[in-house]
Structures are given as C-alpha cells and as structure tokens.
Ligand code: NAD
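So this first bit is one chain, no partners, the form predicted on its own, shown in structure tokens.
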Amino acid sequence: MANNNPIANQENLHFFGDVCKNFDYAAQFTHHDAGLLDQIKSCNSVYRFRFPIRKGDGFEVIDAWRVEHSQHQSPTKGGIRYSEMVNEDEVMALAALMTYKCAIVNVPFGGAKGGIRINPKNYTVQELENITRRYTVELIKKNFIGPSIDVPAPDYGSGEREMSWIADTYATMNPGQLDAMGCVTGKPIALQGIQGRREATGRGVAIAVRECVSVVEDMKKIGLQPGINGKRVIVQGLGNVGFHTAKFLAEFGAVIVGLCEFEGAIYNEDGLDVESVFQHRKETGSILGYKGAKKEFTNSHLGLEQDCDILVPAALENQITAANINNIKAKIIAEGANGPTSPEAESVFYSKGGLIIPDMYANAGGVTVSYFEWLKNLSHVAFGRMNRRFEETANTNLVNMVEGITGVALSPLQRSTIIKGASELELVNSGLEDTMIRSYHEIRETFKNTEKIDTLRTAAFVGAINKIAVSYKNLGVWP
C-alpha cells in the first residue's frame, strides 16, 4: 500500500543538495580538516512533527518542521515559513543558508529554520492563531525555542502577528523568565520589537546592490557605468522584501522598470511608481491593469526576461534556471529571495559576463536587524534612550560655542541637523548599512584575492566556512 504521509513521502527536491554542492565547491579553497567541514555542512537537528487542529466541524492534521543546522554559536536563528509548498528538504536548505548568512555578516548566531505546511489564506485568524500557538508549544516541549537556544523570526507567509502569538505562548509557558521576549524577533513595536525590522531585508538588498555597482573596476568588467543612479531594475515579488527593495532602490536613484508577481508582470522602460503599483494591487488584487505600465504579461516569468541592468528575484527559490537563464538580459542578479538561481543557471550567467550578488549576503538585512532586536530584548533598553538627550545637549553647547567664536549663525535647519541625537530607527539603519557595506567588501576581497574563485557566492561560502571553523576551534571541538 502506498504511503500517503506527506512527511514520510517527501518530494524529490534537491535544494539542500544544491547548498551542499556550493559548500563542497567552496571548501576546496579552504584548508580545514574533512571532519570539521562535514560537521559545518551537516544539519545538527531536524525536528519534524504533526499535530491536529480543529477546522470547521472536523479536524485537520498539520505537518511542521524546525531545523537547527549549526550550534557553533548560540542561539540558532531563522524564520518560520507558512506555505503549502514547505518540505523537509527546503527547511534544511534554508537553515544551512542561515548559518552561512549569519557568519558572512558577523552576526553571532547559528542557523535554523522552521516551516508549517499550510496556505495561510485558507484559514481564519483564529485557526492561524491555534496553529501558531500549537507549533510553539511543540517547540517548547522539545527545547527548540528560547532566547539562548533558538530564536525564530518571520518568513514567507508569516509576520508580526504570528511572532506576537509565539512570544505570548512562550512567555505564558515560562512564567518569570526575564528575557522571554527574546525568544523570537520580528515582533510588533508594542511587544518589544524594534524600529526598522519590517523593511530591513529589503533595505539590506538595496544597500547591497548600491554597494556592488559603486565599484568602478567590477562595473567596467560587466559593461555598466558605476553608480546606482539611472540603473534600470526589475523586481520579482511585491511582498515585504520586494516592495521595500524596489522602494529603497528608487530612493537611491535607480529606475524600477519592471515588477513581477504570481498573477503576471508589468513593464515600463521609463519607470514605474512602486507605491502606486502597490496601492493598485491592494485595491484590485493584481498588478495587471496598472495604467502606468506600457507592457504587461500574464506569464510572470516573461517579466524577468525584459531589458534591464539589474534583476532582483525577491519571491521564492528556483525562479531562474537553465530553462530561462539565456533569456535574462540583466547584467546583475541580486538575490533578494533564498536560492532563486539554480547552480546551472549561475554558471551560464557568469559565462555570459554577468554578476550575481548571492542570497546569503544580499538578504541578510533581516537577520542583522533581528540581532539588534534580540540585543534590545536582552538589555531591556531601547537604542538611543539613554544617550540621545545627552548628545543633543552636548551638540547644542558645541554649536553655540562655534557660533560665538566665528560670529556666524547657523540656520534653524542646520542647527537641528547638527544638534539632533540619533533615534532608534536611525541607529538601526546605520548599523544595518555599516554591516552590509563591510560584509560586501569582505566577500569581494576574498573573490579578488583567492586564486580560481569564480563567483561571489563561492567567495561568500569560503568566508563563512573560515569563520565557522574558527568558532568550532575556539569551542575546543577541533584542535
């Protein structure tokens, strides 16, 4: 008899295999013991489980996972994906990418990921709350969640609401734990979240793109003028990551010429107003029919193949494959999503003279600001609260002294700009920007200075492997 259990009968997917292939290829450029490399590559803990919920007049059994890929740093960190496409292979792959991602941007977490196999649109708010709380209880029972153990976050299909349910469930089951709110990040501001978290991943992708195109030497090689101003960009996905990526790239001076969603794609070589398209989709349920578009396609993948300088796939994995890579006209692919480009497509794209900003660096803005939120939860003090007034007073005294010595009075705008102390949002954005800039140039230096490394992805893996290896050695696990 056939086994219809979706947990036991996994789809024949190879996302984790692709991640491991990239790891193995990069490992040859390092000098670590084979056993240590195997430890770094493997998933330490895979927890798969099923639980029933009441739905309507009956019951439904929900399939769920939590994977902790590496405990070389504690806690582990990674989002929870709500999707009917979730499977064990995907969760393992995403957990592994989280490990390498945290290492690349110097965030002291191990990698983890969670998944619940549901389509959130098919459930009421009450049913979603029941699913989320039951999922959290299962994690608590197996010690797979906690501010010093494993800290989830939002991912595809989940957001602040779900994180608040997780935080409340954990706090309820751990009465008196002072740091309970640090068990999860991406929470609402009112529940000890942090300013800037919602847009952090998209902002990080935009900063990564801006930094990449600012390098004159690299742009010359691929035939682009340096600088973000005027660069034509197509973004796939108008969710949280895609919307904010497009928004910030436009603010930096890029021209958003194309937007793609599951229902189709729109294009205008003169540029699209991202906010206007977003509102149109909110009102009509589709980006199609937008009056500012000169072209539209019911096949969303055709939108990826239009003329542009930079393509940002910010939806799901395996969107750019051997089947469509030869139709991609962009010179740069900036991976806002996890694993949107297959290894075969990447090889072809580089052979054509393109450049890929890899996912495990490009979309690390979310985990970076999650780290800031976790620090805020542990310290129980909002960033800027203790020093902002002191800075403003000190700056006011300095400005008054300079005006007195020079006899030149500053305008009110000049005074307020100089005097103003940094808010939490400004500090978060500053920390995020510094992290993304420094990390890009670390990857680029490895890319330039290590013989035979042929992609930024391989360079990022090499950097991550070396940092993780140091952590294991410092733990005394390897001599």
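Note that this is a predicted model, so its numbers are computed, not measured. Start at 1 with the first residue shown and count on from there.
Beyond the structure shown, there is the form predicted together with the ligand, which is absent from this document and is the topic of what follows.
Taking the partner from elsewhere, no residue among 22, 203 and 444 has a non-hydrogen atom within 4.5 angstroms of the ligand in the model of the complex. Site annotation in the model of the complex: the residue of 182, 154, 110, 358 reaching within 4.5 Å of the ligand with a heavy atom is 154. Proximity to the ligand in the model of the complex, taken as a non-hydrogen atom within 4.5 angstroms, holds for one residue of 377, 341, 236, 306, which is 236. Shown alone here, residue 262 lies within 4.5 Å of the ligand in the model of the complex, counting heavy atoms only. In the model of the complex, the ligand lies within 4.5 Å of some heavy atom of residue 240. The closest heavy atom approach of residue 81 to the ligand in the model of the complex falls within 4.5 Å.
When the ligand is considered in the model of the complex, residue 197 lines it closely, a heavy atom lying within 4.5 Å. Residues placing heavy atoms within 4.5 Å of the ligand in the model of the complex fall in a single listed stretch, namely 154-162, out of 154-162, 222-230, 400-408, 130-138.
Contacts with the ligand in the model of the complex, taken as any heavy atom within 4.5 Å, map within 295-334 to 300, 314, 315, 316, 319.
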